[in-house]
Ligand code: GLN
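Just one chain is shown here, as structure tokens, and it is the form predicted on its own.
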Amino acid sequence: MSDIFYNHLVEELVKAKIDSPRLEARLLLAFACNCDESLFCPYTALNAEQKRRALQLLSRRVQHEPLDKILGYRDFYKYRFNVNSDVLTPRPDSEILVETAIEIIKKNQWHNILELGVGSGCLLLSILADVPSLKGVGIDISQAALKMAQKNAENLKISERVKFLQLDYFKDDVAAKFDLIVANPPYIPTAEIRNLMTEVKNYDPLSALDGGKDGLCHYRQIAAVAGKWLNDGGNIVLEVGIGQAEDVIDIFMAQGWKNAELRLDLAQVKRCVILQK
């Protein structure tokens, strides 16, 4: 019976200590059946091939491979983004950067934006999708990440308004100026990576996590170089880790940045830092 099979998936996810096991079981079943998850009933009768696929997906999830990496997509802000092991999983904590950037852009009637470390493109592309008059550039050191970002831009039908460049902001020059810069740099101290959830430490790219000894290595570099990529009066919007906001502000202020502001995420964590050069 189909309800017995669904309940089996739920029980296995519970044993593996997976959050929201009933929801995840339904999503895995919908994916195995190639159905729209919003319309799928988990008690739908399945054929042998669909059950085989579902069990194969389940075996990956109980090993704590992230659901989004199994399904190949993640919903973020208002949009759906393709993801894989080459990019950081988009997280709800980061949506405050999108909201803040859009607010600043509309207030100032700005025209272009740069993202440092674009990954899947979830930040830059969400902003561009919400502001049709805006153009953007996303840079990343990873060609594989840029390929995924390009695919997401095409899916959102905004590829004509965005350019992706393989650059390293530690040593390369963007050779252009922008009204706004956004960035979610790696900010996990190296020694703390081993303590992260399995879904993160084993499946997100290490280069998107490792922020050096104190987690602030990338902020120091960005503070030193990003000002030359901003138009007069432009802003930078940064994601920071828990407890890092004040240290990041100090790093940027020491490099001549000013007018620091903070924004809280949904958990009331100081997650977003805004500065002006």
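Here the structure is a predicted model, which means the values were calculated and not measured. Heads up: residue numbers just count along the shown sequence, starting at 1.
Not on display, but discussed next: the form predicted together with the ligand.
Look up in the predicted bound form whether residue 249 has a non-hydrogen atom within 4.5 angstroms of the ligand, and give yes or no.
Flag for residue 249 set to no.
Contact with the ligand in the predicted bound form for residue 88, defined as at least one heavy atom pair within 4.5 Å: yes or no?
It does: once the ligand is placed as it appears in the predicted bound form, residue 88 has a heavy atom within 4.5 Å of it.
Heavy atoms within 4.5 Å of the ligand in the predicted bound form: does residue 184 have any?
Close contact exists here: in the predicted bound form, residue 184 approaches the ligand to within 4.5 Å, heavy atoms only.
Whether residue 158 contacts the ligand in the predicted bound form should be assessed with a 4.5 Å heavy atom distance threshold; does it?
Although the ligand is absent here, residue 158 would stay clear of it in the predicted bound form, with no heavy atoms inside 4.5 Å.
Non-hydrogen atom within 4.5 angstroms of the ligand in the predicted bound form for each of 188, 209 and 239:
Verified in the predicted bound form; spot residues all in contact, yes.
Spot the stretch among 88 to 96, 140 to 148, 117 to 125, 164 to 172 with residues whose non-hydrogen atoms come within 4.5 Å of the ligand in the predicted bound form.
Only one stretch passes the 4.5 Å heavy-atom test: 88 to 96.
Which listed residue (71, 200, 102, 129) meets the criterion of a heavy atom within 4.5 Å of the ligand in the predicted bound form?
Only one option qualifies, and that one is 200.
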